[in-house]
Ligand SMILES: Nc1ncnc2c1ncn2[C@@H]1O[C@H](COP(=O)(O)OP(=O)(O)O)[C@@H](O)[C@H]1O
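Coming up is one lone chain in structure tokens, specifically the form predicted alone.
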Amino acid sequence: MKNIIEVKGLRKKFGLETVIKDVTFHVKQGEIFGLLGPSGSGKTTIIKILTGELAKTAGEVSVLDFSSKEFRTSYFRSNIGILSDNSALYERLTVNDNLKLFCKLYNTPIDRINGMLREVQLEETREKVVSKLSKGMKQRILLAKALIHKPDLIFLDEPTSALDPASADHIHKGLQKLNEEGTTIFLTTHNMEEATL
């Protein structure tokens, strides 16, 4: 299997503070890769660099054979899914309208919405306005949004942090199934239990 992510000597500075120092790793295609560490250790910063949200200070980074200079292109973004602390939904729209919008953005068939809502166990919320949902429900809709276009690679930053144990278990099983179908998963967590799933 080829490397789908390659990181060599990655550094990131904010002003005079170095928050990422000489990080090197690779992720193989089809792998579930867990980046484990306590809160504040730089996990989210690494994801933001790998998805083009932040620029690196130094080092070499490539994702899906794209260099970091290409991370902001729509073609790169159409091949990845992201669930992070910056992921958002349109609060005044229904769940269905949110997912329809993301289908249009990703040029994805709208009929995929049914399957995604089933996967995250929220079929009954289809016509509910997002602002009326609990934090855990919103997290599951954000996961559906990140997966709706069947990306080759998905970045998950603490994906089950707002979920009850039963919902988290269902999401873990869904991610394992997704991985078995060929999607590479890059997961950050501070939860040792989650990292071993």
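Worth saying up front: this structure is predicted, and the values here are computed from it rather than measured. Don't overthink the numbering: it's just position in the shown sequence, from 1.
The same protein also exists as the form predicted together with the named molecule; that form is not shown, yet it is the one meant from here on.
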- request: Mind telling me which stretch in 132-140, 168-176, 36-44, 65-73 gets its heavy atoms within 4.5 Å of the named molecule in the predicted complex?
  value: 36-44
- prompt: Taking 4.5 angstroms as the cut-off for heavy atoms, does residue 25 touch the named molecule in the predicted complex?
  reply: no
message: Residue-level contact is defined here as any heavy atom of the residue lying within 4.5 Å of the named molecule in the predicted complex; does residue 180 satisfy this criterion?
response: no
message: Given a 4.5 Å distance limit between heavy atoms, list every residue of 11-29 close to the named molecule in the predicted complex, or none if there are none.
response: 14, 17, 19
